[in-house]
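A single chain, nothing else alongside it, follows as structure tokens in the form predicted alone.
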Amino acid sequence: MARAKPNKELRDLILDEARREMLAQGYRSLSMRKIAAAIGCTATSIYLYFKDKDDLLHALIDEGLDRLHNQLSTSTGEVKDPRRRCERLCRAFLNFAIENREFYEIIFQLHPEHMKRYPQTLYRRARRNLDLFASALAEAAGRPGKISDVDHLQAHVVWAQLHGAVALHQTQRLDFRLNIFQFFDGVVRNALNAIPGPGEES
């Protein structure tokens, strides 16, 4: 008997349902059988696409990071000024977090206790997002095309500031009197103030 060919539509349905299950019930409660029942297929069908629960979770993370990359890349457009590009990247990151909360939580806030190590190939794809920041930072420092360890470090610092702001907002740890858009504006300005100019090192 010939093995059924993978179907992209079914794969997308599996990912959508897994994302809902994960956020509603947590990683431990994620079940191939539950997902199959919810979308009307057999659990065996899911294994045509994902070998186990961790493989499914890795696919969810990769899917979210790919969407983030598209949004970050699109945000800079034809902008030539590196500091302006840094600002656009910061705002695109924050907008992604607000507009795609499910994806953001899967990528950055889900911490399964026993998940297998994230595959190296997917990790390299994930770094594309951080490299966009590092590249803009290198240009702002007068070193276009020459990303240094300092640039990668500064990119992590900026990323941490943005993620911290998002986490405080999403967990409702901010003063309710704050205007969230003004708060995010302040976060972006603070991140940009820390960016060294040409010839400077942070």
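All figures in this text were calculated on a predicted structure; none of them were measured in a lab. When you see a residue number, it is the position in the sequence shown, counting from 1.
Quick note: we don't show the form predicted together with another copy of the chain, though the next part is all about it.
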As a check of understanding, the residue in M32, V157, I39, L48 with any heavy atom within 4.5 Å of another copy of the chain in the predicted complex should be identified as V157
Complete contact of R83, R124 and G142 with another copy of the chain in the predicted complex (any heavy atom, 4.5 Å):
no
Any idea which of 40 to 48, 66 to 74, 134 to 142, 167 to 175 reaches within 4.5 Å of another copy of the chain in the predicted complex, heavy atoms considered?
167 to 175
Using the partner position in the predicted complex, report whether R189 sits within 4.5 Å of another copy of the chain, counting heavy atoms only.
yes
Can A24 be called a contact residue for another copy of the chain in the predicted complex at 4.5 Å between heavy atoms?
no
Do I106 and another copy of the chain share at least one heavy atom pair within 4.5 Å in the predicted complex?
yes
Since only the chain is shown here, I'm wondering whether S148 would be in contact with another copy of the chain in the predicted complex (any heavy atom pair within 4.5 Å).
no
